[in-house]
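Below you'll find only one chain, the form predicted alone, shown as structure tokens.
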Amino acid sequence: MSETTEGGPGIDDLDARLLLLLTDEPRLGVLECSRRLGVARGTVQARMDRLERRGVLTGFPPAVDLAAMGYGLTAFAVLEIAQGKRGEVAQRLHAIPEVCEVHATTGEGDLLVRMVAQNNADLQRVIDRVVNVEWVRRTSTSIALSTPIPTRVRPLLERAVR
């Protein structure tokens, strides 16, 4: 891993250990982080501030289980859209609460959309909203049966620790 400078790439060993600690226990305060890492409180605060400025540390949102909230069905849709309309389509998809993520992609489709629903009938309602978005030309939807590997960053942080 390259050395970290204010605008430089990568993270160093202390950054990685701090991020691992916060990944495991996101509610830890700066003082407790400094105690566990064996560095000064000011060092931890400066590292967190720098990681935030660089966009590495983007916040501390709570981990929310959408299934426990009643959205037990996850689906992915590949959208083909009118050329040059990615921004407009993304803006309209943003207005659909069940759309959790949208990624611009290469390959057969233009956008990959992760959406949630309460059940199959609700998914049909969500899909109907998606296909009715202006400039969406075609969709192909797949339902996720399980999530063997959920979103994760730990292995990358562990690799960064020397």
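What you are looking at is a predicted structure, and each value in this text was computed from that prediction instead of being measured. A residue's number is simply how far along the shown sequence it sits, counting from 1. For clarity, a rigid core is taken as the largest C-alpha set superposing within 1.5 Å between two forms.
If you look for the form predicted together with another copy of the chain, you will not find it shown, but the lines that follow are about it.
Though only this chain appears here, would Ile81 touch another copy of the chain in the predicted bound form if you measure heavy atom gaps against 4.5 Å? Residue-level check for Ile81: no, no contact with another copy of the chain.
Is Glu108 near another copy of the chain? Define near as a heavy atom within 4.5 Å, in the predicted bound form. Yes, contact at 4.5 Å.
Does at least one non-hydrogen atom of Arg54 fall within 4.5 angstroms of another copy of the chain in the predicted bound form? Answer yes; at least one heavy atom of Arg54 falls within 4.5 Å of another copy of the chain in the predicted bound form.
May I ask you to state whether Asp65 is within 4.5 Å of another copy of the chain in the predicted bound form, using heavy atom distances? Yes.
Another copy of the chain in the predicted bound form - contacting residues of 128 to 162, heavy atom within 4.5 Å: Read in sequence order, the residues that approach another copy of the chain (within 4.5 Å, in the predicted bound form) are Ser140, Ser142, Ile143, Ala144, Leu145, Ser146, Thr147, Pro148, Ile149, Pro150, Thr151, Arg152, Val153, Pro155, Leu156, Leu157, Arg159.
Large Cα shift (2 Å or above) at Ala77 between this form and the one not shown, core-fitted: For Ala77, whose C-alpha is compared between this form and the one not shown after core superposition, the shift is less than 2 Å.
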